[in-house]
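This document starts with one chain, in the form predicted alone, laid out as structure tokens.
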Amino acid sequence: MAAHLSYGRVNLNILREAARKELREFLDKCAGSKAIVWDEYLTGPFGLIAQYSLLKEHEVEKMFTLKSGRLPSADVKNIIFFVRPRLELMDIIAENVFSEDKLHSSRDFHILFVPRRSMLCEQRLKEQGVLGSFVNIDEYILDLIPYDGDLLSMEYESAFRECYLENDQTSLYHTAKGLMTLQALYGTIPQIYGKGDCARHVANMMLRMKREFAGTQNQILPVFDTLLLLDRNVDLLTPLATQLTYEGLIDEIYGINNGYVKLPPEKFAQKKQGEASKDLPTEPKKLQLNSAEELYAEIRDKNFNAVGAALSKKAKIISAAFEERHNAKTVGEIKQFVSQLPHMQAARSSLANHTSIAELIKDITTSEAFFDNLTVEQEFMTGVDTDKVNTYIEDSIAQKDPLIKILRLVCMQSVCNNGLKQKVFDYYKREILQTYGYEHILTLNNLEKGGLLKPQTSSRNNYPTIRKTLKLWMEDANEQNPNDISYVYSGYAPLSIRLTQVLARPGWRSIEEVLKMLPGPHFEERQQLPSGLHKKRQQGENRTTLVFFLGGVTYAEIAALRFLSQMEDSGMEYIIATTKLINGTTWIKSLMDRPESQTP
């Protein structure tokens, strides 16, 4: 089922299996038939660990979404609540339990907190008078979820907000715990590098946890050579820019959630000859996107301008393969052709899907609005007129374009100018509040607190120095056959990935000055390995680095790291981990107050 998780340099299926084993053990604790009541946010991440079939094997007969009022009827002995430790969810659970108690007295209730138990939540249940109704109160430690053969995510959407706005370090504790679980399965990581305050906290917590377990030596040969912890606020620019890889654009336009995307159905309707197409499907088309699909693995990280050529090449190969059937003369040849048929048909349907998706995206990327927006982004990145009011932003506000689009551009201008001049800052603020409503003053305040949109405090703008030293802008980026990571944004090389690249070779000492200009400390730690576990490296064997983004990572950055892994002379393979997979829109939304009252 999850074979694609074991294709890469590191077999991430081990992590998935460990998570499945724990889930089975918990389910077996609750003897008899079961109904699971899900906190809706958890269903996506859980789907990557266990399908319904696994739950069914352990007598799970019904599944409901957690909502207030009465639970739907179910003839089961156990009711298990799978929830995040949130107080507002405890009130709903209390309501559910009360309504059940009146009807069925013989039921057992259980709570499984994901990823940690919470004293506060238990206290709330006690105040509501239902704590005594629970037979089992347990925690299911689901920190890092394998998304693909080289990608892990905690799907902790509020991590950036908690760290930078609320000064809450819960997500950092979960990160440290997740990394300890990883080391228990894959061996101690000998070298830790980091940049940023959150990175420092996580490293300190990991080292402290290791000291606390000092008696137990980890006897597993290390799979990872290096861990690099990067704070999102070291590079605020990258997520604000529009991603230009195939996967990045799918996420920007339609949003990828837990490896699935929902697309407008009309492009995927199967029209039969002679039938009127009046009965078009209305349900969005849901597709799973990961490297288990051969074609997707091939094109996901390409710049979108190179996708068309790749698809037409694939179409030629597939139709040539189908033509082979005319050449099959002997029984043996026919048999061989038939045995390849399922694979070829899967490839053909995969090609049809991606051609449709590419057409949908092309309609948007060839529009004038997309081009104008991108032009402004690229002007900011190259330092053109970042210190004055931008006419395109002015016009967009006047036309009442979506607020998120405006905020992304204004934040980008601020980041590329090391803060906006007070006059420009006040002007934008006033225009936004007068056009979109004064309730957004809280959002602007959050963006300021998070460092995305701020007035200039020092007269020096360091961004041009950082851009030149780290070669963040490459003229004439080759989109078809890239030779540098800047192809993922058609010219802009993500700062976070440049730092990763320089760390591998020639090392951070060569960019000390730039590192000092970026927020937070940079550091290096070594973890002692038990004797006999030091790797003897074979000639030409690559090193493996786990890059952990604290506060979120975009698909374009992931594509850039995959590009570095595939480079002939890099000598390094990267596995990517993050608190959340983000894009500019979801990231800004997580920093908004009351984003649900947002105009779409």
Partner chain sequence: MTKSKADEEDYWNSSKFKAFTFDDEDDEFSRLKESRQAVNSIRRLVEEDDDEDDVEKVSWSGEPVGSISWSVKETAASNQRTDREPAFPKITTDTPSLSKSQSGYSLSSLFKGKTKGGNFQTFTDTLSDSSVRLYAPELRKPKSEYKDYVSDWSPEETIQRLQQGKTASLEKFRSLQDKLLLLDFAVSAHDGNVITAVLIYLKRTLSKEVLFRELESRQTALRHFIHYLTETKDQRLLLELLRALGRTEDMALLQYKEHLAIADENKRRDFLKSCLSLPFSAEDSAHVQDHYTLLERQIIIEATDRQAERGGKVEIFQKFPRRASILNMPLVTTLYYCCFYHYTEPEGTYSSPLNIRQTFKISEKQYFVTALAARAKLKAWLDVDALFTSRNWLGFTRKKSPLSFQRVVDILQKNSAPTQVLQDYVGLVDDADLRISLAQKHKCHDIVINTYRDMKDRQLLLAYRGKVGRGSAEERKIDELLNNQQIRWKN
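Just so you know, these numbers come straight off a predicted model, no measurement behind them. Positions refer to the first chain, counted from 1.
In what follows, reference is made to the form predicted together with its partner chain, a form of this protein that is not presented.
Heavy atoms within 4.5 Å of its partner chain in the predicted complex belong, among the stretches 142 to 150, 443 to 451, 184 to 192, 499 to 507, to residues of 443 to 451. Comment: its partner chain is not present in this chain, but in the predicted complex one of 518, 403, 318, 180 has a heavy atom within 4.5 Å of it, namely 318. For the candidate set 434, 336, 462, 483, a heavy atom within 4.5 Å of its partner chain in the predicted complex is found for exactly one residue, namely 434. A residue is said to contact a partner when one of its heavy atoms sits within 4.5 Å of a partner heavy atom; residue 359 meets this definition for its partner chain in the predicted complex. Proximity of residue 220 to its partner chain in the predicted complex falls outside the 4.5 Å heavy atom cutoff. Proximity of residue 562 to its partner chain in the predicted complex: non-hydrogen atoms within 4.5 Å are absent; the residue sits far from the partner. Not displayed here, its partner chain is kept clear of residue 528 by more than 4.5 Å at the level of heavy atoms in the predicted complex. For the marked spot (253, 340 and 590), a heavy atom within 4.5 Å of its partner chain in the predicted complex is absent from each of the three residues. In the predicted complex, its partner chain lies within 4.5 angstroms of at least one heavy atom of each of the following residues of 40 to 61: 43, 46, 47, 50, 51, 52, 55, 61, in sequence order.
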